[in-house]
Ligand code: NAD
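In structure tokens, the next block holds one chain alone, the form predicted on its own.
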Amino acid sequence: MSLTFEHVTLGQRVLFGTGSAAANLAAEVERLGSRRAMVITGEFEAAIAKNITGGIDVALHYDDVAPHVPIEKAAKARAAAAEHGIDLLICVGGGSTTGLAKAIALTSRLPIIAVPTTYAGSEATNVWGLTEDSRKTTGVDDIVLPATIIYDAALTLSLPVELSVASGLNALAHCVDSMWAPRADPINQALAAEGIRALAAGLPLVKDNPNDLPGREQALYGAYLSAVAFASAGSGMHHKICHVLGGAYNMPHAQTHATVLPYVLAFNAPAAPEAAKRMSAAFGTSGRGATDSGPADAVAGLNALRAALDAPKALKEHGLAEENIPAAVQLILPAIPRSNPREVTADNLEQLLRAAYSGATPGF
């Protein structure tokens, strides 16, 4: 069979170095010629932002951040950027802060420097999201892709183990979705497989020793790879489910992704055996099953990792009410890509959500 595909690699500068965030940020602000920077950060990351922005002139510190970027928050932040004559956006934190910076950039075309403190991965994608009337809308526009990412594993030390695990599994979900998303190709899959390997190696080290910088470096490296793969491959079944649940029911982003992921993998893997083989190899579980099955080994690899990490297990623990499941099915079903390797129906989607709701062991 001939190898034929179309692949787009997004242009972005990446600076990776533990303990180097402040110096790298000052250098990038100078390189971009900024004189009116807006620093966006949540309350939790305020101290980190203060430490790493001490060497630059900041025109506006902004902290009115919320998950899923409510449209009214975006409008307020856009107005503040315009009022202060901002020429550069610097977001320090996780997906919520990066998402707000993207919302401003979407209408202002201002450049972004992203300084992640979690493994969310939004910093490496050209995907934006806004929530209005409990519905999350996402889109793709290169203007929201941060010009520069500054990775520093030391900045993730403040992230508690529980959130590190959820955030890392959110990154791993990018990898899994990239194996069969609408624009999946061999390059996406190679990046995603290496992302799985790095996350599977790094997250247990973080769990066992929260101050383990090599573990956090591996997790951060894996999160970047996962986001690059996802940005190219597009949003698959997993992300469509989680975007609806997050927007409609105000569920926590990382924990929702971490909980739903094994059910989507168990659902799709039998219909995508080659992708499953890649994933089982990345997890280090190839050939361990009694049937030497790629799909079974991939699911076993993820389940073993989740057990080692004491990962989130049930959607009922994160705000989903059981009576909302039928309505969620109707919201999710039209968003599932036609390219999904297995046909998705209202019945099997409801079965998946009910299993994720209760925390039943994912499997075939």
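Residue indices: 1-based, along the sequence shown. Fair warning: this is a prediction, and the values are worked out from it, not measured in the lab.
Absent from the display: the form predicted together with nicotinamide-adenine-dinucleotide (NAD). The rest refers to it.
Query - Proximity to nicotinamide-adenine-dinucleotide (NAD) in the predicted bound form (heavy atom, within 4.5 Å), stretch among 106 to 114, 89 to 97, 200 to 208, 70 to 78 - result: Contact criterion met by 89 to 97 only.
Report task. Would you check whether nicotinamide-adenine-dinucleotide (NAD), in the predicted bound form, lies within 4.5 angstroms of a non-hydrogen atom from each of S293, A296 and N348? Result -> No, because S293, A296 and N348 lack any heavy atom that approaches nicotinamide-adenine-dinucleotide (NAD) to within 4.5 Å in the predicted bound form.
Query raised in the report: Taking nicotinamide-adenine-dinucleotide (NAD) in the predicted bound form as the reference, which of V127, I149, A281, M251 has a non-hydrogen atom within 4.5 Å?
Result: None of the other options qualify; the answer is V127.
Requested in this report: Name the single residue among S122, N188, N268, T256 that comes within 4.5 Å of nicotinamide-adenine-dinucleotide (NAD) in the predicted bound form, judging by heavy atoms.
Outcome: By the 4.5 Å heavy-atom cutoff, the listed residue in contact is S122.
Query raised in the report: Might T137 be said to contact nicotinamide-adenine-dinucleotide (NAD) in the predicted bound form, defining contact as any heavy atom within 4.5 Å?
Result: The answer is no: T137 has no heavy atom within 4.5 Å of nicotinamide-adenine-dinucleotide (NAD).
Query raised in the report: With the partner left out of view, is S178 within 4.5 angstroms of nicotinamide-adenine-dinucleotide (NAD) in the predicted bound form by any non-hydrogen atom?
Result: S178 lies outside the contact set for nicotinamide-adenine-dinucleotide (NAD).
Report task. Verify the contact flag for A193: yes if a non-hydrogen atom of it lies within 4.5 Å of a non-hydrogen atom of nicotinamide-adenine-dinucleotide (NAD) in the predicted bound form, no if not. Result -> The answer is no: A193 has no heavy atom within 4.5 Å of nicotinamide-adenine-dinucleotide (NAD).
Report task. May I ask you to check whether G85 falls inside a 4.5 Å heavy atom distance of nicotinamide-adenine-dinucleotide (NAD) in the predicted bound form? Result -> No, G85 sits far enough from nicotinamide-adenine-dinucleotide (NAD) in the predicted bound form that none of its heavy atoms falls within 4.5 Å.
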